[in-house]
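So this first bit is one chain, no partners, the form predicted alone, shown in structure tokens.
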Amino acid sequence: MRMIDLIAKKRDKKALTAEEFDFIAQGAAKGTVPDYQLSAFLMACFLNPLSDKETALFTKAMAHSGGRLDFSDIKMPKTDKHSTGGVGDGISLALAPLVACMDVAVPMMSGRGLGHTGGTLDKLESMKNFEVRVPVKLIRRQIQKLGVCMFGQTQDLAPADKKLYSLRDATSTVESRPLIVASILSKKYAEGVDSLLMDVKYGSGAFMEKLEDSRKLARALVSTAKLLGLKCRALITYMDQPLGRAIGNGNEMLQTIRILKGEKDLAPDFYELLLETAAHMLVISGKQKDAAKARKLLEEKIDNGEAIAKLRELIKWQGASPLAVDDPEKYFKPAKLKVQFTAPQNGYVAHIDAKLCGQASVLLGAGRNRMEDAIDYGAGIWLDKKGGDSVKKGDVVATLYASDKERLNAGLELFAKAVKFSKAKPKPYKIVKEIIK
């Protein structure tokens, strides 16, 4: 089998076989196919998109290009969630321990933030000594004992995707929907889960801003996952404004802990999405039949303290101090410099643009533009007011934190452009727009 023949085949709009996709994935993982041929193949796929069947075959080939986690001896259902990313989207931090309280195993493999969207691993690492590079043997042991583990992609899980992902970024083929689907699902399939909940965002802070584009991606993810034998559904969720009140790594961990301790009214939109996501994970895992009943059971786990206890155990298992839960305000100290953004008029907060807000947090030091950029875990934004809230002139709308005066000023200047005010109360928005089954 020769790579040049496979490139030509896809160039000529012909379907590839499972064996051919295996050859490509193994070549990407082992370095036996040069980057220029892989790049040519990706462009051929961009111009002549993979069919649903091809997408499933390519996904499986990439998942099998390295090791695959095996939890078959663990008798609990195994489930996970993937979000296409957004601003303030720290749902995973609360979601994983909450779902694990329901006797469901949650091996959650996550990534880092880049650009205006945050990364789960960065938020976890705002806790000193929290270890996200967990060996496979220890992931298995932790799932057996605790039911949940939050970790980064190991070198052995879907290595073909790691290579092809970097080439897609450099060859202007990122937007190909089948390649997006294969990239996301190859990593999740390699986790060894039985079911998967997709949170597909739309709006200014989302990977895909238009609702219809997000809808098409959600449908493609669900149909491909099912072809792979995974039970799957997708929530299409709103990301035109930031989720919750916290933007930034330590900030978002603090919010998570407060919510799991029972502060349900702290961030109603965050709490709503947390419950809705968790409920559907329980349904697709087979643990519950009805999402409404699942929500009630999940709320009980928060009310009786089981959810925060599970998070406390998770933190301790992965090397950080449980003081992060016991005394979060002391543990998650913000950066030393702060400035308050106040309302210039009476009326309402009409809108807070998620993308501009996320970009402002990067300027403050809470995110990165390149993967090698350092992160300031105390930098970020706390939204004292949200879209739809009434304000009087001089009310604090947000507090911004940074460790450097220039960063603080730059973040404030951009954040000011993200907030719009109105005299009339804006219409409320739904966090969960649609459910794709």
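Start at 1 with the first residue shown and count on from there. Bear in mind the structure is a predicted one, so any value in this text is a computation, not a measurement.
Same protein, other form: the form predicted together with a small molecule, not shown, and the subject of what follows.
Visitor: Answer yes if any heavy atom of Ala220 is within 4.5 Å of a heavy atom of the small molecule in the model of the complex; otherwise answer no.
Guide: So Ala220 does not count as contacting the small molecule.
Visitor: Phe341 versus the small molecule, in the model of the complex: is there a non-hydrogen atom within 4.5 Å?
Guide: Phe341: no contact with the small molecule in the model of the complex.
Visitor: State yes or no: in the model of the complex, is some non-hydrogen atom of Ala291 no more than 4.5 angstroms from a non-hydrogen atom of the small molecule?
Guide: It does not: once the small molecule is placed as it appears in the model of the complex, Ala291 has no heavy atom within 4.5 Å of it.
Visitor: May I ask you to check whether Ser183 falls inside a 4.5 Å heavy atom distance of the small molecule in the model of the complex?
Guide: Yes - in the model of the complex, heavy atoms of Ser183 and the small molecule come within 4.5 Å of each other.
Visitor: So the small molecule isn't shown here. In the model of the complex, which residue out of Lys201, Arg245, Lys81, Arg168 has a non-hydrogen atom within 4.5 Å of it?
Guide: Flagged contact: Arg168.
Visitor: Under a 4.5 angstroms heavy atom criterion, identify the one residue in Tyr348, Phe207, Tyr331, Trp317 near the small molecule in the model of the complex.
Guide: In short, Phe207.
Visitor: I need the one stretch from 175-183, 358-366, 271-279, 294-302 whose residues put non-hydrogen atoms within 4.5 angstroms of the small molecule in the model of the complex.
Guide: Among the listed stretches, the partner-contacting one is 175-183.
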